[in-house]
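Quick heads-up: it's one chain on its own, the form predicted alone, in structure tokens.
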């Protein structure tokens, strides 16, 4: 039987690896490392560094592959994502087949955690042949963001909502909550909100040497974050960020 282990590796700091993650990496016959283009080579470099640091067996093979790019021009967002998942699953299957003959244990190192705004589980269920799937949880970007700002996520007895930049931009502030976590924001969706009474805690490259943190009243910090984000993206060629918004009287 083929087993696929999806291993959460945190947000950039190798010290965020759990003992369970280290054990899962070391029991794998094959470790997959996706490449996302030259602009995001830092992400592949981190995975290589983790493997070099924790692997104790010379028998574990490491296979790198180029990750298919999603067609951002697809009119129907969900159809575009679905087609992209099919393409990624086919690439995984082909890479595994080149290194294992129908059985063995494969490890895929997941940035953040496989449970939260990550499609690895959905893609894994499209593999042919379908493997046994195991998940090793990791530190999420939400945990890393709260820790970096020393911020409790929820207020006492109150709920919070995790959403995307696209939905925040299209639908505005969600009803019934005063705390919103925003992920997968390709731009700066907070600019679409009335900043009155809103505070923001923003972070980019969490856990990495180039980590950036900014916080304060949205009315004061919004434009500064936009500028910092643009400069960082131009400097690195990519950016991965998230933020928390709280509405206060």
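Model, not experiment: these values are computed from the prediction. Positions refer to the first chain, counted from 1.
One more form of this protein exists, namely the form predicted in complex with a small molecule; it is left out here, but the text below deals with it.
Only one of 219-227, 205-213, 26-34, 47-55 lies within 4.5 Å of the small molecule in the model of the complex by heavy atoms, and it is 205-213. Not displayed here, the small molecule is approached by residue 183 to within 4.5 Å at the level of heavy atoms in the model of the complex. The small molecule in the model of the complex comes within 4.5 Å of no heavy atom belonging to residue 160. Proximity of residue 242 to the small molecule in the model of the complex falls within the 4.5 Å heavy atom cutoff. In the model of the complex, the small molecule sits within 4.5 Å of a heavy atom belonging to residue 118.
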